[in-house]
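A single chain, nothing else alongside it, follows as structure tokens in the form predicted alone.
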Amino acid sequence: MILEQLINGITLGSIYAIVALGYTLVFGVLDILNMAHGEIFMFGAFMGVLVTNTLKLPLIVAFLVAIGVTAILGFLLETLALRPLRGKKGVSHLAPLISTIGVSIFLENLAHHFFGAGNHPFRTSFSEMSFQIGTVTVYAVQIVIFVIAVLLMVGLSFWLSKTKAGKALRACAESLEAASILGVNTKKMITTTVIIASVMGGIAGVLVGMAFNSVSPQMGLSMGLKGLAIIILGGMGNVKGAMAGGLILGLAETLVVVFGESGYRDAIAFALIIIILLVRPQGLFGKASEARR
């Protein structure tokens, strides 16, 4: 029983980590919290439902469609809601945050209009595939979710540290002005960053649909808030911290269920985050200078 719940916790934590990676990218470069990320994630989940349930197409097509749609949403978010505010005189530093909140509300209402309210089933034969290891049942989708989360983290870390584009993005994260002087096309890098973050949200949305067999227009809010909590826990703008924070939150929630307090799982999990931040305000992988700033 406990071993199965640990596997469930790692699966849930892996999904949280993918969502948090998108938050981390945008915050690291733009120094803003993208509150529309949860709703972009939700649209990715609904693309999975549309492709697999309505159009009866293979699961791989669902991933490709979700990636394409969320990439477009990320592009529109950056060009219409964020770019006009960047560098504009007299604009409050809270303006981009408020703008993304407005986009999130718009996207949620758009989902209500196109898909309807309530839960929508996400049925795939792959979600039912499982095998036994002793007395423990392991689902194939659980392994896939964990592997995808690890690959995304490793791939993102490699891209940021080893490729020219990744180094340019890191330069933008340090200082947009300095990066521009060094010849980096900061406008292109910012747009690329928001698109990559949105695509990660879309992938996570399909994975959530596969794992829980259900999606709804309201799912973006709760997942978005948890993604925000995770990047604070792991360290703002830290890729490894996003992965570790996601796993910690996922395991904390499932262990609370094991001990029979499922009604308090969100409250207890967030209480754990508060305790950790009281001990280490900069997060698990953050630097002390970040906390002072």
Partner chain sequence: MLAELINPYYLQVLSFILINIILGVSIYITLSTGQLSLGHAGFMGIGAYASAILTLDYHMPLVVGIVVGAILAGIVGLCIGIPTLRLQGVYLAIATLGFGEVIRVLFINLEGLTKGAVGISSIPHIGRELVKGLQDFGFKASMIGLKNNQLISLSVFLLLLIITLLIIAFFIRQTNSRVGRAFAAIKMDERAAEAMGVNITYYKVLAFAQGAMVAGFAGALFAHVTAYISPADFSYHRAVEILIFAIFGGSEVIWGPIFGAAFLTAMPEILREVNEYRYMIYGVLLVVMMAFRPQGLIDTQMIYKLKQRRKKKGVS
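This is a predicted model, so every value here is computed, not measured. Numbering follows the first chain given and starts at 1.
Just so it is clear, the following notes concern the form predicted in complex with its partner chain, a form of the same protein that is not shown.
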Problem - Stretch in contact, per heavy atom within 4.5 angstroms of its partner chain in the predicted bound form, of 50-58, 63-71, 246-254, 32-40 - result: 32-40
Practice task
Let me know the one among Ile143, Met129, Ala95, Val150 whose heavy atoms come within 4.5 Å of its partner chain in the predicted bound form, would you?
Solution key: Ala95
Exercise for the section: Taking 4.5 Å between heavy atoms as the contact cutoff, choose which of Ala168, Met223, Val199, Ala81 touches its partner chain in the predicted bound form. Expected result: Ala81
Practice task
Consider Phe27 of the chain shown here, and say whether it contacts its partner chain in the predicted bound form, taking contact as heavy atoms within 4.5 Å.
Solution key: yes
Handout entry: Heavy atom of Lys188 within 4.5 Å of its partner chain in the predicted bound form
Key = no
Problem - Close approach of Lys162 to its partner chain in the predicted bound form, 4.5 Å, heavy atom - result: no
Practice task
Answer with yes or no whether Ser104 is in contact with its partner chain in the predicted bound form, where contact means some heavy atom within 4.5 Å.
Solution key: yes
Completion exercise
Of the residues spanning 229-257, the ones with some heavy atom within 4.5 Å of its partner chain in the predicted bound form are Ile232, Met236
